[in-house]
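Coming up is one lone chain in structure tokens, specifically the form predicted on its own.
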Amino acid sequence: MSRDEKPSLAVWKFASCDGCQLTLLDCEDELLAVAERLELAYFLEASSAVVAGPYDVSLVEGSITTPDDVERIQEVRRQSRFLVTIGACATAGGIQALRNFGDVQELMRIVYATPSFLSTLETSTPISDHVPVDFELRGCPIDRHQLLEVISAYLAGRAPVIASHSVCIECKQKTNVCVLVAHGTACLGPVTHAGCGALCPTFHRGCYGCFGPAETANTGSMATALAAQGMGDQEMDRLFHTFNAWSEPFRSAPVPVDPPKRRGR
């Protein structure tokens, strides 16, 4: 395939920390192989060189937080044949979606000397709330192997093979002792989408839900299990409301009215 026949790749940034774009750059040797098969047409994190669209594949990082963002994502969608959202910000609104639970005007008044200079929306929302998305890749940040799988799948003309099970399965694959059952450590592994390789539980820490809710997340049962370990309402609310606070079912995770008594040890 000649250079002119390469599919074009664009990488876009909205409200985010750049971590998911850096994951692509961190692919290092694999990135060279990607560059051989795709034309990096628009990727300001890596190069100031820009090739005009339309683009075959667009990777979009970040949430929609301003009126300008709304207009720009609509233009990105028009310019993109296949659009993939990458990371918690793009798929769930990100940590900045915590604004959705409060009064944005009051937050602006507290933080900024001249709030009138700002132009912002009342909410921080995922890309899919504004335009059709062809595939979502979870994580804060995303896993580079999953990203390469999505790109490879596009080049091969097939659907990406991304696990849909929970972090608990990854723990079992690593023969980890369950930190929730064995040590009473708060852990969202049972309701969190796989992809991190059970990083935190492997180091004896509970899962924080970086990859968002699993496809069949039962947060009601999860809340009951956490309450049985002695976790209070405020602690539970904080645990569910972090990187993927605005994603269902985390944002509506129920807190048990009458939590069971903590098990004796």
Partner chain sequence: MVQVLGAGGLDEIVRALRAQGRTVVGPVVRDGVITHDVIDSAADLPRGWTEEQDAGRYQLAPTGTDEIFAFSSPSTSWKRYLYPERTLLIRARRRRDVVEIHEPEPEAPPMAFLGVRSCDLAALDVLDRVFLDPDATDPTYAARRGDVFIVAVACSFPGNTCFCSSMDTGPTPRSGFDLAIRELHDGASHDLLVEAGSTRGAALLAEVESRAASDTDVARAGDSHDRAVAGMGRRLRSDDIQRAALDPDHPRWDDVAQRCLACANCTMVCPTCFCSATEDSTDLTGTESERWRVWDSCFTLDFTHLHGGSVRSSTRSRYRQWLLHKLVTWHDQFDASGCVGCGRCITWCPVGIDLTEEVAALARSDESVPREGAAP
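Positions refer to the first chain, counted from 1. All figures in this text were calculated on a predicted structure; none of them were measured in a lab.
This next part talks about the form predicted together with its partner chain, which is not shown.
Segments offered: 205-213, 61-69, 30-38, 231-239. Contacting its partner chain in the predicted complex at heavy atom distances within 4.5 Å is 30-38.
Among residues of the shown chain, R81 is not one whose heavy atoms approach its partner chain to within 4.5 Å in the predicted complex. At least one heavy atom of C168 is located within 4.5 Å of its partner chain in the predicted complex. In the predicted complex, at least one heavy atom of N218 sits within 4.5 Å of its partner chain. Using a 4.5 Å cutoff between non-hydrogen atoms, L199 does not count as a contact of its partner chain in the predicted complex. Only one of L121, L148, I95, M108 lies close to its partner chain in the predicted complex, with a heavy atom inside 4.5 Å, and it is L148. For the options L155, A186, V104, V131, the one in contact with its partner chain in the predicted complex, meaning a heavy atom within 4.5 Å, is L155. With contact defined as any non-hydrogen atom lying within 4.5 angstroms of its partner chain in the predicted complex, the contacting residues in 163-181 are H165, S166, C168, I169, K172, Q173, T175, V177, C178, L180, V181, given in sequence order.
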